[in-house]
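This document starts with two versions of one protein chain, written out as structure tokens and named structure 1 and structure 2.
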Structure 1
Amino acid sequence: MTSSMNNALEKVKNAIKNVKIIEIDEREAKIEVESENTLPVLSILKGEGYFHLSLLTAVDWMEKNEFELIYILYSWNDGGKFIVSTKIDREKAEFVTVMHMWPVARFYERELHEFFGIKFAGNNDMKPLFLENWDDIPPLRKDFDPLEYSKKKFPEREYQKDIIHEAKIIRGDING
């Protein structure tokens, strides 16, 4: 890890107990924090030069009944990248907004609301971002079945089976 990443991590470790740090790469590390400590960690990193929010996204861990929220912060000074991850309850999918730190988060949060059903306190703009007239559970939740939905809503082309042709393939008369 670069020295500026180490410095940033020191600061995080001093300020907050209970962080788990996983080194991924020379310039990439993952920080796992409790949900109540997420915002402090993000703001420390932002102060240390990791102020570019490249991505805010979520992973659905359905068996554990959790959503993992993932913030990726990038530094334009040394190309370092921190992945800050936190777990929230899947049943009560709510978190706090980071719009006051990164205005662009508004759109990431709208997206997460649309595709995972996660609400963000403090962000009142929860209009759908991509989908129109969506009428099912959020489509990126793991309990959503896209094939089933597609069958229900979008009829498929029906092909006529040519049995003789298939029999010839099976018999080896022609190559299938």
Structure 2
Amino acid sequence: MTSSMNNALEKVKNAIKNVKIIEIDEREAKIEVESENTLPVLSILKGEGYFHLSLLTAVDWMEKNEFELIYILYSWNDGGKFIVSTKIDREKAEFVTVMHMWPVARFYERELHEFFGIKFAGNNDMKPLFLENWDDIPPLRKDFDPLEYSKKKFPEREYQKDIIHEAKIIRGDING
């Protein structure tokens, strides 16, 4: 790891107990924290030069009944990257906004609300970015059934031609 990454990690370890640090490579490390320690860790890292929030995303761990929130912070000074991860309850999918730290989080949080149903206290702009008039469970939750949704929303179609067979004829794979 770079020296600034080591310095930042020392500050995190001194301030927050129960953090798990996984070194991925010389310029990338993952920090797993309890949800109540996420904002302090993010604040420390931002103060240490990791002030670019490159991404905020989520993973649906349905079998564990959790969502994993993942914040990726980048330093333009040395190219170091921290992946800060925390878990929240899937049934009460709520967390606090980080818009006060990174205004761009507004859009990441809106996206997570739209696709996973996660709410962010303090971010009152949860209107859809992409899915107008969506009326089902959020589509990136693992319990969303796209086939069932399609059957419910779109009329069933009968296809007259076998498109794959037609494509093989066009490519010359088979004779018509």
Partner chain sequence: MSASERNIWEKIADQLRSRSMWMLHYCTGCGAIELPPSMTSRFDMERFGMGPMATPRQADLFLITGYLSTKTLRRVIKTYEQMPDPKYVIGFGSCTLNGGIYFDSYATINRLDYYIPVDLYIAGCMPRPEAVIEAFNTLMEMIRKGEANGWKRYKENYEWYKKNQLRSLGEVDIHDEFHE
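Under this definition, the rigid core comprises the largest set of C-alpha atoms superposing within 1.5 Å between the forms. Residue positions are counted from 1 along structure 1's sequence. Please read all numbers here as calculations on a predicted model, not as lab measurements.
*Which depiction, structure 1 or structure 2, is to be taken as the form predicted in complex with the partner chain?*
The form predicted in complex with the partner chain is the one given as structure 1; the other form is structure 2.
_residue 13 C-alpha relocation of at least 2 Å between the two structures, rigid core basis_ = No: residue 13 shifts by under 2 Å between the two structures.
*Comparing between the two structures on the rigid core: C-alpha of residue 23 shifted by 2 Å or more?*
Not so; residue 23 is displaced by less than 2 Å.
*Quote the shift of the Cα of residue 160 between the two structures to one decimal place in Å, the two forms being superposed on the rigid core.*
With the cores aligned, its C-alpha sits 5.0 Å away.
_For residue 170, CA displacement between the two structures after the core is overlaid, in Å_ = On core superposition, this C-alpha lies 20.9 Å from its counterpart.
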